[in-house]
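Okay, so here's just one chain, in structure tokens, the form predicted on its own.
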Amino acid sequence: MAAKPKILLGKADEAIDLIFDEGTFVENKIANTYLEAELAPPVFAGEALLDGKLCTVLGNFSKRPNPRFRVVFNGVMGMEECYKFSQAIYATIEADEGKPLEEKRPVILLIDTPGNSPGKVEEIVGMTKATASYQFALEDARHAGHPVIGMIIGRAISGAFLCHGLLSDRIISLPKDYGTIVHVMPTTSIAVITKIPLERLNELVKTNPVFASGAEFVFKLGTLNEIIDTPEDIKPTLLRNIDEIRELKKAGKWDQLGIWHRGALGAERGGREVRQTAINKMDKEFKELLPSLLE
């Protein structure tokens, strides 16, 4: 009888134990910076060794709710969670400032989130600013030379994935057999927004990479750089990608990393066939319009 796959969905603590050197993860510490333990309890933010090399580790942990915000549970990315991740990123950048590229510590994002679900208080206080601060932080880390890798171990859904993962240099995922889900929103929500009947959407999700939720579908769109076979493959895959990202950055080949490159990957894989045509048309129209704008 075949052994059941080791599901990591909802188990970021087990993922950390599996991926990083035993006993090396220290929560709420980045170099000489200590993060407030009571801030954003639903996430892990800290540092660990990966094959003896120091990394920053950020991940969602669905087993710990946020007592200050009732809607932040089950791995949801809320306002505090985004701000805590931002703090960890800037502490990472500061710790390695002035070091050569090969010594810039990697930032590993363990992704398992059902999305953003802000309540009224978060919306009023500044949820959008929090998510934006995290996205800016990740971009700053990338351009400071840190390899930033998103590792999907469970759910990668909606706006939470947009800020926690999508801006990585590279994104890796376990296959759907391990419970991974990658999509913008559930079909019920898509039906409300697009007015496409739910029955039709439920048919589209079986074949169309835009609507389907499995990692294999969004791979065709270029969203993912790689799909690995098992959780045991995560560590060697991360190590290889860290080396490759460093080499590309040293060579100045930024166009082969990040979100822009994933658009090109999607075109190569047949999932974004009209993307470049649309970009070229917009560029042409803008250049034609530019003289009148400058008058």
Partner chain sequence: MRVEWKELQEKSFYQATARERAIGLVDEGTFREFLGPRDKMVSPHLIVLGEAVEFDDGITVGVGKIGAHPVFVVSQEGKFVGGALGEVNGAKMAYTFKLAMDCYEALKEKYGSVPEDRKPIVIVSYDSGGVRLHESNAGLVAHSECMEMFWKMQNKVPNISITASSIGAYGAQGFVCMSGDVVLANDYGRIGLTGPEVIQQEVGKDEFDASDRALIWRTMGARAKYIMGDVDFLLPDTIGAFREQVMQIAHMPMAEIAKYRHLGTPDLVEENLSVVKLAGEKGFNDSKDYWKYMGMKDVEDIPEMPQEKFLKIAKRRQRGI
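Here the structure is a predicted model, which is why all the values come from computation and not from measurement. Residue numbers count along the first chain shown, from 1. For the two forms, the rigid core is made up of the largest set of C-alpha atoms that agree within 1.5 Å on superposition.
Omitted from view is the form predicted in complex with its partner chain, to which the following refers.
Novice: Please state whether every one of the three residues 26, 101 and 230 places a non-hydrogen atom within 4.5 angstroms of its partner chain in the predicted bound form.
Specialist: Looking in the predicted bound form, the three residues 26, 101 and 230 all stay beyond 4.5 Å of its partner chain (heavy atoms).
Novice: Look at the stretches 79-87, 101-109, 172-180, 147-155 and give the one with heavy atoms within 4.5 Å of its partner chain in the predicted bound form.
Specialist: Going through the listed ranges, the match is 79-87.
Novice: Is residue 260 close enough to its partner chain in the predicted bound form to count, meaning some heavy atom within 4.5 Å?
Specialist: Contact check for residue 260: yes, within 4.5 Å of its partner chain in the predicted bound form.
Novice: Verify the contact flag for residue 142: yes if a non-hydrogen atom of it lies within 4.5 Å of a non-hydrogen atom of its partner chain in the predicted bound form, no if not.
Specialist: Yes, residue 142 sits close enough to its partner chain in the predicted bound form that at least one of its heavy atoms falls within 4.5 Å.
Novice: Any of the heavy atoms of residue 21 lying within 4.5 Å of its partner chain in the predicted bound form?
Specialist: No, residue 21 sits far enough from its partner chain in the predicted bound form that none of its heavy atoms falls within 4.5 Å.
Novice: Residue-level contact is defined here as any heavy atom of the residue lying within 4.5 Å of its partner chain in the predicted bound form; does residue 215 satisfy this criterion?
Specialist: No, residue 215 is distant from the partner.
Novice: Going through 45-76, which residues have a heavy atom within 4.5 Å of its partner chain in the predicted bound form? Please give them in sequence order.
Specialist: Contacting residues: 68, 69, 70, 71.
Novice: For residue 196, state whether the C-alpha moves by 2 Å or more between the shown form and the other one after rigid core superposition.
Specialist: It does, since the residue 196 C-alpha is displaced 2 Å or more between the shown form and the other one after the core fit.
Novice: Taking the rigid core as reference, does the Cα of residue 283 move 2 Å or more between the shown form and the other one?
Specialist: Yes: residue 283 shifts by at least 2 Å between the shown form and the other one.
Novice: Since the Cα-Cα distance for residue 71 and residue 187 shifts by 3 angstroms or more in the predicted bound form, is it a contraction (closer) or an expansion (farther)?
Specialist: Residue 71 and residue 187 sit farther apart in the predicted bound form.
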